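Here you get one chain, nothing else, as structure tokens; it is the form predicted on its own.
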């Protein structure tokens, strides 16, 4: 299916999802659905760098939190609409991604992963000590009751649904374009790719910028969703763990793998939070990840691909 047709299909699916959530007539459907869609964006964004290019990023929480704290800062300084704040969060996180990538992408394997983890710690330390955005005590964000005739949580759900469409369409376009071939060459054998004239550093910077930018856009609505944001919640371990586990469980070889992993794990976590305990969320992720590493190391997509 060509690009325009696929985008039209995504938009139709998004309209059906939003319509189904409205038919449920339960506010929790939008609260839970927002989280699942947020993970769809994060997992897809991580896969652009970690799956397509082969550079495992442990700094997901940093890019996500940068988008969230960009919104907090803009909320205090301006009266911009939330979509503009999301774009700003994406620009900030994408710029940090380029800067971080330029410094760390010459490292490979475990060394790169450790460098991204260290970057996340540095960013968290800076945010914790930045009093303008609340510092360690956190910041409150008062959200409107309604926007465009929609309850504000429904509005947030709609924005995240639109962002999920953008992220999935971007990932599929990359996968089928020449740049995706370059990413795959870097993942398979970077030395050979560079020897054959592939501009590896430039492609890796593009991957880092796209991945970080989408993560920042996913984090930007968070202050309006939770209404209170502190470093512990913004840099939560669950973001880093889920964002890596979801593509690995779904499969990193295709755009659809992270989507399947995010919907599966995200839904299971939301159901467990309501029926059992929210403390079991990461336990579920850990057990599933261990199971899939043993039974299907290439994920659900790779398993059925056989």
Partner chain sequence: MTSLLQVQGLGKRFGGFVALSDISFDVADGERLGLIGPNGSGKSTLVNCLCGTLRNESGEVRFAGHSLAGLNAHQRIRRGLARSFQLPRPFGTMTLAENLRVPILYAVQPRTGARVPDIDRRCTDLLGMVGLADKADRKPADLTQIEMRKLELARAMASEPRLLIADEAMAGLSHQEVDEILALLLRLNAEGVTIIMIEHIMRAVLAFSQRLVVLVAGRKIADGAPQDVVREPAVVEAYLGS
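Positions refer to the first chain, counted from 1. No experiment lies behind these values; they were computed from the predicted model shown.
There is also a form predicted together with the partner chain; it is not shown, and the following applies to it.
The partner chain: the contacting residue among 198, 98, 87, 117 in the predicted bound form [heavy atom, 4.5 Å]: For this set of options, the contacting one is 198.
The partner chain: the contacting residue among 184, 158, 165, 73 in the predicted bound form [heavy atom, 4.5 Å]: Here the answer is residue option 184.
Contact segment among 231-239, 171-179, 73-81, 135-143, judged by heavy atoms lying within 4.5 Å of the partner chain in the predicted bound form: Only one stretch qualifies here: 171-179.
Contact of residue 203 with the partner chain in the predicted bound form (heavy atom, 4.5 Å): The answer is yes: residue 203 has a heavy atom within 4.5 Å of the partner chain.
Proximity of residue 194 to the partner chain in the predicted bound form, heavy atoms at 4.5 Å: Output for residue 194 is yes: heavy atoms within 4.5 Å of the partner chain.
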